[in-house]
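You are given structure tokens for the same protein chain in two forms, set apart as structure 1 and structure 2.
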Structure 1
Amino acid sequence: MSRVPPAAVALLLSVALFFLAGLVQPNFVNAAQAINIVRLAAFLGIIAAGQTLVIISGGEGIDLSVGAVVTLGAILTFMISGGSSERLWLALLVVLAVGAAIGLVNGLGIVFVRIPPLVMTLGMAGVVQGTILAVTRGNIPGGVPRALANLVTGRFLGVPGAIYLWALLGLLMWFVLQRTRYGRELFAVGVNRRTAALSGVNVSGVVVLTYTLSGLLAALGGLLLLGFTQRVFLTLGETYLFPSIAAVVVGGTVLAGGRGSYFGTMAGALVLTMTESLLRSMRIGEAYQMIVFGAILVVLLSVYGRQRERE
């Protein structure tokens, strides 16, 4: 029996949930609602891109600083641009540089100081959050550039810009993972770091670069998220931390590393967003939503695990 790719399983599940929601609310199933769900999933998918790379790299890697970096990216964009579209490019450069620097510190701490990834990135999250509070003291001056809002929320052929940006990132991630030396070495490092090192792979360099890219992509996600929310607050990115991990896992990327795809993460983001929309339409409380999310994770991990055993 041929193995069904996890990305396909997740995608089919998201479609099934969409039509299931139509049974709960007959007016739910329509093109406008489908586009809206994909748009909401786009921000989670963009934020989870770096998390995908980190988890593929193995070594019990999970980036717990993602939520804090998302918030920081949005705040920096808000403050540096001051609402001016002309200053958006400057804000973008600063945001990407700061996000990459945070990821670089995470990578260096993990590789050379040998701090466990969970501890290092959790500590960095605290540093970032504390720095935000110390600098802003809860007062965040600035504004949202009109160009950013138009880029993210504006529509072309009826489709929001956020979806086009997500599709573009998906193609870029596919190219990086499947057509570059870094992508090949990343999977090798995730499978077995010692074997990869004996094969000539610079394992330390790959890991450091991976966490650097994770920070950069999280900061970019914060910038784009600001264009959607058009307001900024101190906990903006916190709600994306657990879903960014869950989207990667639901999409079939193995937590042990060495196996996965960003297309799987994209499908996982759709599943989580569709599930949340369905539960909200049923007026299910947040506590029960968490139970459902956990159950979905357990079921899908069980299915993926059995498929690997058959192989």
Structure 2
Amino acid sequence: MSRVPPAAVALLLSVALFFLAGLVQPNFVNAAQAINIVRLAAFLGIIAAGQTLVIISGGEGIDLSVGAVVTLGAILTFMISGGSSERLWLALLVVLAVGAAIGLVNGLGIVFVRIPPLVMTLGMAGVVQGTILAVTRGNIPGGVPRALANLVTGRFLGVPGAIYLWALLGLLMWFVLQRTRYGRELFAVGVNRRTAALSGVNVSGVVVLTYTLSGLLAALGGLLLLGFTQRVFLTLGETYLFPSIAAVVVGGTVLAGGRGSYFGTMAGALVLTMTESLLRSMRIGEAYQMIVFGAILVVLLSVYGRQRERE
């Protein structure tokens, strides 16, 4: 096995892909497009942060509720702030609390009621979606705080705020995974829960905390996404759900748990966004775009998404 970390491979791949695109589509390669792609990838990357933690935690860990929670985060921000920048803090607080609470319920259901993560979080997605519908009846009053829009879309040195925020999150995630006890125990739990428990790790606590963080990060992703879309709608987060999982895996995090990094996920989000943009710029029909995207994804996965036989 080569020693090159998957994150680096994915990153190199996306850069190569970008310049390769120049051969096919010369006006695809320019600074504006590069920044645009990173910015688009930022939202996928932010939303995939919690997913990365959950997948590292193992035990078939996966969070299918992130799409619905992203939507909820955006809607809550929209409604609570009512477009006022002063109330953005309040919105942030509520959004984080609600996201964490949803994640907490996921975690409790998975750990104590033993519902498989896939169906627990899928069910939770339905509950969140259903609650949004029942409460708002599709009628969502509110507004986008200018401060939020500026934060996300405003440019500093020509680079949109979203990219800075993403980079900040990247550092934070690195810190959490590599420099905190929780991060270390998370990997242990992901590899072998029994070993972890017998070594004094609070396995249930770590898993519940992980899903809680996932909910919290997804809700935060929704808040930030609102700054980009500047509009709420009922399917806002849904389109990010499966790509968030794909980004994690393409970034070299193993679905079996216990191995991976957020830098990998960031690179994965870049590769996916890049591929999508590239295909779009090639102007082949919708059907062929889908076929090529599927094929490229399979190839990407086979580069380093391969799983070793259980020993």
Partner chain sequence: TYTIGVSNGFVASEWRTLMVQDLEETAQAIEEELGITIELVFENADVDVQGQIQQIQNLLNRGVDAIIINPNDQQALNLALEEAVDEGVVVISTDQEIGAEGVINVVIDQTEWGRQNARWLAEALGGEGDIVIIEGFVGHPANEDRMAGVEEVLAEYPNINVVARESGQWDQATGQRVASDMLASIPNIDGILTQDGMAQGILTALNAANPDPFPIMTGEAYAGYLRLWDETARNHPGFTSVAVVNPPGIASSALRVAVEILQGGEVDESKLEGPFGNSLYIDIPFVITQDDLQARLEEFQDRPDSYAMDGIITQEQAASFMR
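Basically, rigid core = biggest C-alpha set you can superpose within 1.5 Å across the two forms. Worth saying up front: this structure is predicted, and the values here are computed from it rather than measured. Structure 1's sequence is the ruler for residue numbers, which start at 1.
The second of the two structures is the form predicted together with its partner chain. Residue 285 shows a C-alpha shift of 2 Å or greater between the two structures [criterion: core-superposed Cα displacement of 2 Å]. Comparison between the two structures places the CA of residue 294 3.7 angstrom away from its other position, after core fitting.
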